[in-house]
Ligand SMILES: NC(=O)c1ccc[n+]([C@@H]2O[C@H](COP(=O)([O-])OP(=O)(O)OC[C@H]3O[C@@H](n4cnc5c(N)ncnc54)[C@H](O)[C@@H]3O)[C@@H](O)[C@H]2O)c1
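Starting off, we have a lone chain in the form predicted alone, written out as structure tokens.
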């Protein structure tokens, strides 16, 4: 297939590009490097250095017959986007190209507005360009489990059948997101469903959990040149990465609030497999399809305990502490999201284990001198002060 990857410089975008190129697909990457700009605003760096996209693509193309092409540009630039679509004519579009940080979106008015403008308007431009240039293309959009929030009912995959006052209908599952970033993803989903229904487009919306992991088969071929980013900070860092980094620094593992909040997780290798499964099994024209993309879920306390017990096997001794939650969220809640679609299409999940945690601990150990302990502290509170407004 001819696959256009939007946001192909990112933590998931670059490994996806290599993985699908290795499968024999023709890959075209677009990125505007906005995440790197945000990192510089907050003085954040990934744990280990990564090559520029230009360098990675050049090295990749010199080592493999499955070449990757790329353009630097912004989805907010409709003229640029149309040029790419007219030139490449993709069969499939994988859309990672959005500001991905909930804390960033809650920092102040300016960053909340940027998040929604960048994500929602960029996605709208994409829908109009698809309608104009390649209306039969399969759009695969990276969503998030955070769109749903934590309702007191089972979370279905995007849709729910409602019986009300003697009548029934199939409706989009009600959303209760927890940040302006997650709200932008909800708005995306609504706009894409509308475009599928009105313009006969097709889309798979992947509502993904928290991704963990550093390596893939392609990265392992040349880690120094092909590695992806590892963030442990309060803006882009995931909770697993922060816990592992704190353990390596022999610090307490900081759990927000009571730690009873539950989240869905999956290995980076499973992300790649899920995306591949979606590309190989497109929906029919006019269909807005939703897959909940995670392989397991646990509470923050359970996750901290797993990291601590994993560390003990290689000589680390740490404890967890519960700190004031910078977020405004339900801490004790029911949580039962469904994830049957990808499993039924052949996904064989990799489970989070002590072996996987220990592997990640040993990677972080190699770069311990790069760790900035100041970044462990939550940088942003959901309760804005006057300066934020």
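Given the structure is predicted, the values throughout are model-derived calculations rather than measurements. Residue numbers count along the first chain shown, from 1.
One more form of this protein exists, namely the form predicted in complex with the named molecule; it is left out here, but the text below deals with it.
From the list 62-70, 320-328, 40-48, 25-33, the contact stretch for the named molecule in the predicted bound form under a 4.5 Å heavy atom rule is 25-33. Residue contact with the named molecule in the predicted bound form: residue 232 places no heavy atom within 4.5 Å of it. Using a 4.5 angstroms threshold between heavy atoms, residue 96 counts as touching the named molecule in the predicted bound form. Contact between residue 209 and the named molecule in the predicted bound form is found at the 4.5 Å heavy atom cutoff. Of the heavy atoms in residue 143, some are within 4.5 Å of the named molecule in the predicted bound form. A single residue from the set 90, 103, 149, 100 has any heavy atom within 4.5 angstroms of the named molecule in the predicted bound form; that residue is 100. Only one of 375, 380, 12, 21 lies close to the named molecule in the predicted bound form, with a heavy atom inside 4.5 Å, and it is 12. Judged against the named molecule in the predicted bound form with a 4.5 angstroms heavy atom cut-off, the residues 203, 291 and 339 are out of contact without exception.
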